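Before any questions on binding or motion, here is one chain by itself as structure tokens, the form predicted alone.
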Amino acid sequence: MPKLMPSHVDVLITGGGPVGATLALALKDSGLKVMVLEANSDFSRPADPRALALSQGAKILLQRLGVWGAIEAPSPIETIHISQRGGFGRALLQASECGLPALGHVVNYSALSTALHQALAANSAYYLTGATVHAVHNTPGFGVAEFSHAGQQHEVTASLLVLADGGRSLGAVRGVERHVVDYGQTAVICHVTSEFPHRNTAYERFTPYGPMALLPSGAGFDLVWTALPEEAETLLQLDDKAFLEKLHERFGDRLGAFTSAGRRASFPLSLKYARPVTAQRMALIGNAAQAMHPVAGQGFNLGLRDAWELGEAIMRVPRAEIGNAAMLAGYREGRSPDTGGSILFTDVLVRLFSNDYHGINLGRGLGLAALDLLPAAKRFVARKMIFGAKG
């Protein structure tokens, strides 16, 4: 906690999760006064069960921030195996074919959050945990955040107000519209083990009910199973034996029998995005700007790129120009190909593969087979998934 609460800062970030923390750490040597407001105050709570598939590009960003070495037990992804249930065709994306040591790494959300929290605590004089944001406002001259901390109410202005809290503090900001597409699907997540080892291979298995991902993690896999809401509820209620049998039936024999399942959780799947992602003295990044279906693991990596590129945009301009209309327009236009392309890519995958129509099934199989036979196409797809639109 700062000795004196500032009345004004250069950059004020609401949300100290991985995306907000990435931006703050990207600015740590800039000489700017950067404040981070994080609602959580207890970083010793039980581990969050979510797994994150960080691309190799995300790893590079975290290495530049000096955080990667502090993340507990990342599991490399050297191969991605893509297939469809009930149809022919499959494609293998391999790190060796792309000239990379890995396509990505699987980390636990809490492990990443803890590493970033520790780095922020050590490098930021204005990092507040246990800070609850009640309202944000934007004016032509500055952004404003009203929040409570340690039982007291505060108001701080900023040349640039950045929302990195999933949009919880967004409210009704003039000029920003929220769009929601409900996919009518639910993700069931848990850790599973299998008879055969994963050999650092991630599996993306498309089914008529939605995609199923198995991400190598430790000695087993982190499972993301997309299902219709009623089926998801049934899966949560099954005992472990019945759940593993159902998983084997849906996934197939490639990994042998599934042998154990951890605690299960679920969350609904939708596409949420803001347009535009900037307003007067304000920028939205991460899930505040766009929250996507987990297929192909694009959403979180896209958020980290938001944070990194916003940090670069801030440091490119003189201090007096931070948060002005020209700076924000440059950031927004620079990010548009990456965010727009990633949203379109995941949305098309969900719609194209979440059905069982014969003609489409045949076309999907031909597409997967063709991709597997074209090394240049595989490298192109892999690099766009790993590094975004800029490759």
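Throughout, we count residues from 1 along the sequence that is shown. Because the structure is predicted, anything quoted here is derived from the model rather than measured.
A second form of this protein, the form predicted together with a small molecule, is not displayed here; the remarks below concern that form.
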Notebook entry, point to check: Here the chain is shown alone; which of L328, L62, L37, V350 has a heavy atom within 4.5 Å of the small molecule in the predicted complex?
Noted result: L37
Check: Which residue among S159, T278, N301, N108 has a heavy atom within 4.5 angstroms of the small molecule in the predicted complex?
Finding: N301
Next item on the list: Specify the contacting stretch among 307 to 315, 91 to 99, 126 to 134, 233 to 241, defined as having any heavy atom within 4.5 Å of the small molecule in the predicted complex.
Entry: 126 to 134
Next item on the list: Please run the contact check for G166 against the small molecule in the predicted complex: heavy atoms, 4.5 angstroms, yes or no?
Entry: yes
Item checked: Contact of K28 with the small molecule in the predicted complex (heavy atom, 4.5 Å) -> no
Notebook entry, point to check: Can you check whether L12 is within 4.5 Å of the small molecule in the predicted complex, heavy atom basis?
Noted result: no
Notebook entry, point to check: Just to confirm, M282 within 4.5 Å of the small molecule in the predicted complex by heavy atoms?
Noted result: no
